[in-house]
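Only one chain comes next, encoded as C-alpha cells, the form predicted alone.
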Amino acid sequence: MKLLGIVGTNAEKSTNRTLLQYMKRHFAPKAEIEIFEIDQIPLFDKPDTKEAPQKIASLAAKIHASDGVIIATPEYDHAVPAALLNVLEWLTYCENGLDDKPVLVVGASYGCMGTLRAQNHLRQVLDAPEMKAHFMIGQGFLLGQSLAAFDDQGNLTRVDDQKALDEYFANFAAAYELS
C-alpha cells in the first residue's frame, strides 16, 4: 500500500508532522508513506490558464501515483488551516482534485478535543464534487493534548492513542481494500 501523507500546515513546528512521521515508521510493515510539506505552495489566485504551480503539479502526480492520501490537519479557530485550504483550492481548480483517492483524516491538537471541528470542516471540503475524495464518514483519529503525546523519538506514548490509530488505519485499509 502506497500512501501520501500531507502535513496540513505551513508551520515550522507541528505535532501533525510528528504524527505523520510516527505513522510512517509505525505502519512501515503495512504501507509506504511519503510525507508532503505544503509550506512552499503559493497563494491560490485562480489563474486564467488553469496552469498549476510546479509544487501543486508535483503533489497531483504524487496523489495520482498513490493508493490513498492521509491528511493531518491542525485546528485553528475551530477550522482547517488556511494553508491546507489553499492546497485543496489549487488541486480542484488546476488538477483532478484528489483523483478519486481514499483519504484518511487525522489530526493533532494541543487541546483536549483533538481536531474534531477541523476534521468536520475538512470533510465538508472533501465532500465537494470537484474534490473527488473518498473518506469514511464519522471516523477520524483525534489526538488531543499532542504536546505531551510523543516521546523524544516521536513515538506515541499513550497506549489508548496507539490502539485508536491502529484500529482507524486498519478500518481504512479494509474499507478501501488497500491491505
Ligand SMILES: Cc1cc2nc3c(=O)[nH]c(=O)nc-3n(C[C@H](O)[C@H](O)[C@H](O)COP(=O)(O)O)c2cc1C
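Residues carry their position along the shown sequence, with the first being 1. Here the structure is a predicted model, which means the values were calculated and not measured.
From this point on, the text means the form predicted in complex with the ligand, which you will not see here.
Look up in the model of the complex whether Gln21 has a non-hydrogen atom within 4.5 angstroms of the ligand, and give yes or no.
Looking in the model of the complex, residue contacts with the ligand do not include Gln21, since no heavy atom lies within 4.5 Å.
Taking the ligand as it sits in the model of the complex, is Lys13 near enough to touch it, meaning that at least one heavy atom pair lies within 4.5 angstroms?
Residue-level check for Lys13: yes, a contact with the ligand.
Taking the ligand as it sits in the model of the complex, is Lys55 in contact with it (heavy atom to heavy atom, 4.5 Å or less)?
No - in the model of the complex, heavy atoms of Lys55 and the ligand never come within 4.5 Å of each other.
Quick one: does Arg117 come within 4.5 Å of the ligand in the model of the complex, counting heavy atoms only?
Answer yes; at least one heavy atom of Arg117 falls within 4.5 Å of the ligand in the model of the complex.
Quick check for you: of 47-55, 27-35, 108-116, 126-134, which stretch puts a non-hydrogen atom within 4.5 Å of the ligand in the model of the complex?
The contacting stretch is 108-116.
Quick one: name the residues from 58-75 with any non-hydrogen atom within 4.5 angstroms of the ligand in the model of the complex.
The stretch 58-75, when checked against the ligand in the model of the complex, contributes Pro74, Glu75 at the 4.5 Å heavy-atom cut-off.
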